[in-house]
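Below sits a lone chain in structure tokens, taken as the form predicted on its own.
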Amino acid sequence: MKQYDICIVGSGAGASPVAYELSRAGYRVLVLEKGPYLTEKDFTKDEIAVSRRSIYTPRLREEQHVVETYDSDGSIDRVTAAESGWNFWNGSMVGGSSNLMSGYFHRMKPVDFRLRSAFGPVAGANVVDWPISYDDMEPYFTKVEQLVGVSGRVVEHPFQERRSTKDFPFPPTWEQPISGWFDTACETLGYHSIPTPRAVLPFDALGRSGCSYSNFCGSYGCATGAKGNARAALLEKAKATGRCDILPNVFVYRLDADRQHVTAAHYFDADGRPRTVTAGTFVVAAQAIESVRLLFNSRNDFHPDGLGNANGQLGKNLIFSAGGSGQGRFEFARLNERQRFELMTRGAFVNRSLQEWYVYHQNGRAVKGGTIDFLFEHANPVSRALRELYDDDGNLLWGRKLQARLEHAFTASRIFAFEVFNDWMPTDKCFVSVDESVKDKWGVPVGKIRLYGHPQDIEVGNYLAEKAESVLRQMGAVEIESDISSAPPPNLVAGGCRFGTDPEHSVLDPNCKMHGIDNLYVSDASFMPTGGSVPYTWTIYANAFRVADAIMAALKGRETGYNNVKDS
């Protein structure tokens, strides 16, 4: 019977570094994942299946969330996901949502770790400094570059963070010619164009194949392994040690704990049978909302309000990536033959970003800004066609008018887009809990999400979007528009298990070990007090490597070989 030292709930960016490091250090590791074990051969570029029917997320009638929002009068609107279609799942499979990411990898900046000190309090928000610094995280950002595989090119700009290596370990992926147009426009405007780092291998390396430049990246699984998803980059190597077992299609619904230790994890296996596993150390990394849900659903006599909730902090300060998106259109009729040829080059990456306004000054004060990534509209033809269904006055089109509009969109123009990433202020009004009245297919209470966006999130997002629009205008795009809102992107969620030095105001200690429980760590994005103004995945990977080091330090000198999997 197998003995496990470490039991990890979840298998994404927050889980895989722990499995990788601990198994390679000689510990027996078990990874429990709710979704299936999919590999490169399972990933196709089928828009109907992937984007229209969401095959990588659970059916909402079987697994859902309750979502609450504020009306203008302050009252609460409550809907279930089954009623509204509001889907907060993303990448339910081994490797988690990292399978579906676009792979935009920006490091957090030193200032992201000390927002409170740098900018002071924000009315109505719970902004704090992180209990660790950028210097603490820098070695782990570097480790991710090397092990997960980050491609790019370092250039000097006003907000370039300190690095312990001169450049990325892999050169940039093949770049679309419009990158040159972008560089020229930025030079004219006095902006610093930045080559976007990507967690995508430009050629065969690290035991994986290089990018095939299919043009289908975000929302799709990678058919070559070039994308640095948690399974391809780390879990397969952990398995190869012979000391890491990965169980797919199992759902962990409760952790048993005495006053200071987690003693067992209970799960339903692929056939719906209840099972139990014991281990010496437990790590929860099931995605911010689901990790909090599991900890609430593990309440017992020692922890009547849920694990880690002795001070009412569990689930608090849920955050998302604030910002939005925008776009402009390049009309072929306005371009020369060479420009039209360049614009129609398919498959290559734009790979351009701006961090010119990561911190800016307005009305005599410093304001935390963010990152703008530039890209072409997604290659999905159905979604591209759907946006052409209405004319400029909002009238539904059909027949020859619709045909002409579609022909123009697909053959006579191309959409160039941007995405804005800025901080979502943590507040008392945005949090996650459980709803005892709504159960999933296993009869377990589902997560309940209360949503609220702070006004500053919108102000900063609009400021950055105006700057992005100026670049598109300089490049010659037309029909330029942007959409900044407090709508939460479900693939960029964090918080709920804030880490900190004070147990009165945090759930985890600086090593992401739960306050008051000696053998429970939380290593997904839920530890983050603030999110930085970048996509989260690189930070999650890096922190999970840091947590793995902390676990190994805690285990040093202890006897290995804990218990087993058994029927309940």
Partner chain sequence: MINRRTLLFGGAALLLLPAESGAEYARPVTMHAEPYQTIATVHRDLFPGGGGAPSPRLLKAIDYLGGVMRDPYVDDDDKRFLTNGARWLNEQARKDYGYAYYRLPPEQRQQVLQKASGLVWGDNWLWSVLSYLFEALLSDPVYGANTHEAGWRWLRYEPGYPRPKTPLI
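Positions refer to the first chain, counted from 1. Everything numeric in this text was worked out from a predicted model, so none of it was measured.
Beyond the structure shown, there is the form predicted in complex with its partner chain, which is absent from this document and is the topic of what follows.
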query	finding
Triplet R61, Y390 and T411 all within 4.5 Å of its partner chain in the predicted complex via a heavy atom	yes
In the predicted complex, the one of F113, F216, F268, F296 near its partner chain [non-hydrogen atom within 4.5 angstroms]	F216
E481, E407, E337, D71 - the one with a heavy atom within 4.5 Å of its partner chain in the predicted complex	E407
Residue stretch of 373-381, 487-495, 309-317, 99-107 approaching its partner chain in the predicted complex, non-hydrogen atom distance within 4.5 Å	373-381
Interface membership of R400, its partner chain in the predicted complex, 4.5 Å heavy atom rule	yes
F499 within 4.5 Å of its partner chain in the predicted complex, heavy atoms	no
In the predicted complex, D46 touching its partner chain (heavy atom, 4.5 Å)	yes
Its partner chain contact in the predicted complex: H361, any heavy atom under 4.5 Å	no
In the predicted complex: members of 325-355 within 4.5 Å of its partner chain, any heavy atom	R346
